[in-house]
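The chain below stands alone and is given in C-alpha cells; this is the form predicted alone.
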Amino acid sequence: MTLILILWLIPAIAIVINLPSPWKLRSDYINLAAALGVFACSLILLISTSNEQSNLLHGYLIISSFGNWVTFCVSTVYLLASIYSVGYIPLLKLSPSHTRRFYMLMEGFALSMLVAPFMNNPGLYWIAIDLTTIISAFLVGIEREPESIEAAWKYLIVVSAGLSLSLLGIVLFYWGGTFHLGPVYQMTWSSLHQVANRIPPSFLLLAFLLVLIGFGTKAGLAPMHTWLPDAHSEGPAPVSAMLSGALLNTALLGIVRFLAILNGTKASGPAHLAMIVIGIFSLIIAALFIVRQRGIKRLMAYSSIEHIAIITIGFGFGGTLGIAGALYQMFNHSINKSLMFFGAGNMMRGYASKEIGSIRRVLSSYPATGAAWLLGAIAITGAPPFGLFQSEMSIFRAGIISSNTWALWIVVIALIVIFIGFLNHFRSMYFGYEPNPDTVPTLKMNAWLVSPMWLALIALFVFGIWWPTGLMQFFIRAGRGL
C-alpha cells in the first residue's frame, strides 16, 4: 500500500512544485525526476508481486500481476517521454507559463494512468479513464494551432460518446448482480466474476459488447478509432508517445478484466470471438490506411491501431501463449512506438514538414537519429531480432492451437501488407531522390532528442533475443489471475 501511495504522490508533488512560484524552477527537470521516481516504484512493484492478487483499502484497490504490468508500461513510456521532452519542448517556443502548464498536464496525465490499474471497482476505473481523456485533450491542443484544437475537440467528443456506452455496460453488469447479491453490493471485479455464472449469457454478452465498444473507442479499435489519427498527429511528439504507448494499454486493461469476468460462463466463447473479430477489423483498417498514408505522424498513429489490434487478438485467442504474447506485445509496442514518435518529431522539426514526401535522405542529415529511427521502423513491423517478433510469434502459436485458426490467416496477410507498406514509406524517406537545397534540414540534434530513441532500441533488441524465464513465469501468473 505504501509503495502505491508513493507511486501516486510523486507526480502529484511534481504538479504542486510546478505551480507558479517566485522561484524560477526548471519544470522539465522536475518532471524528469518525477518520471524516474515513478519508474523505480513501478519496477519494484512489478518484481515484488506475489503469486496471488490482493485487495487493499477495504476492497477499493487491487494489486495484480496484470495491473502491475500495465503500470510498468505506463511508467516506462513516461520516463522516455520525459527525457525527450527536455530537448523537444524548447523547439515549440512556448512561453515559460505555457511550458510549466504543459509539464503539469503531463504529470497529471501520468498520474491518472497510474491510478486506473489499481481500481478494484469498475465504476472507479471508468472515472479514472475519463479523467485521462480530459487531461490528455489539453495536451493534444497545447500548441493552440487550429488543427490541434480541432483534434482535441474531436478526441473529446468521440471518446466521451464511447465511454458513455462503456458506462452503460458497467451498469448492466451491476444490475445483473443485483438479482443474486441484493439491490446494493460492493461491485468489484471478483464479485462480478463470482456471480457471472448465474446471470443469463445473452445479458452478459450484451453488457460485455457495450464495454468492448466503449473502452475500445478509447483504445483506438476500429471503427471507433476516428479520433486517434488526428490526436496522435497533432499533439507534440512526447504526448503522442504517451497516448500510443501508455494510454491505449490502460484502456485495454478494462476490456480484458471484463472479459475475465465472463470466463467460465456460456458467454465466454462469443466474447472471445468478438475480441478477435474487432481486432481483425482494426488490423485491416490499419493496413489500408498505412499503405496510402502521406503524413508521418498519421502513419505512426495507424501503426498504433495495428498493434492494439494484435494485442486484442492475442487476448481473444486466450490461453497461456495468447495472454503471454499480448502482454509482451504491450511492452514492446510501448517502447517501440515511443521511439517512432520521437523520430517523427525530430524529422518534423528538422525538415519543417509533417509530410512524408518532404523528408529525404535522412541518414545523410541525421546519422544517429536516422539509424535509430530506421531500425525502429524495422522493429515496429514485427521483424526479427526485435521484441515485437517474439510477442507476435507467441500470439501466432496461440492462434494455431485455438478454435479460431481461420483468424490467423487474415492476421498474417494483413501484417505482410503492413510490412511492405510501412517500410516503403521509409524507403522513400531514406533512399529517395535528393532533397531540394531549400529544404535541407538545419536543426541540430542534441542528446535529449536522440538518447531516448537509442534506449528504447536497445531494450527492443535485448527482449527480441532474450525472453527471460522469470518473465514467462510472470505472464503465466498474470494469465492465471485473469
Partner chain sequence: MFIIHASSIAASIVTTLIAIALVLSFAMLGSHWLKNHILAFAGESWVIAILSGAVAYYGNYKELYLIAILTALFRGTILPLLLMRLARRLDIEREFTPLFRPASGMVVGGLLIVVAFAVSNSLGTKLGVTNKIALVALTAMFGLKLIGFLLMIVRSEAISHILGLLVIENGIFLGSQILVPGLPFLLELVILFDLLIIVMTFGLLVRYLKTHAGTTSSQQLQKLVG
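Positions refer to the first chain, counted from 1. Keep in mind that what you see is a predicted model, and the values were worked out from it rather than measured.
Keep in mind that the form predicted in complex with the partner chain is missing from the display, and what follows is about it.
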property: Complete contact of Ile127, Tyr174 and Asp230 with the partner chain in the predicted complex (any heavy atom, 4.5 Å); result: yes
property: Candidate from Phe109, Tyr78, Tyr302, Phe342 lying within 4.5 Å of the partner chain in the predicted complex - any heavy atom; result: Tyr302
property: Listed residue (Val256, Leu156, Ala407, Ala274) with a non-hydrogen atom within 4.5 angstroms of the partner chain in the predicted complex; result: Leu156
property: Region of this chain that lies against the partner chain in the predicted complex, out of 131 to 139, 393 to 401, 312 to 320, 377 to 385 [heavy atom, 4.5 Å]; result: 131 to 139
property: Contact test in the predicted complex: Gln293 vs the partner chain, heavy atoms, 4.5 Å; result: yes
property: 4.5 Å heavy atom contact, Ser191 and the partner chain in the predicted complex; result: no
property: Partner contact for Arg144 in the predicted complex: the partner chain, 4.5 angstroms, heavy atom; result: yes
property: In the predicted complex, Pro200 touching the partner chain (heavy atom, 4.5 Å); result: yes
property: Sequence-ordered list of residues in 146 to 183 near the partner chain in the predicted complex, where near means a heavy atom within 4.5 Å; result: Pro146, Glu147, Ile149, Glu150, Ala151, Ala152, Trp153, Lys154, Leu156, Ile157, Ser160, Ala161, Ser164, Leu165, Leu167, Leu168, Val171, Leu172, Tyr174, Trp175, Thr178, Phe179, Pro183
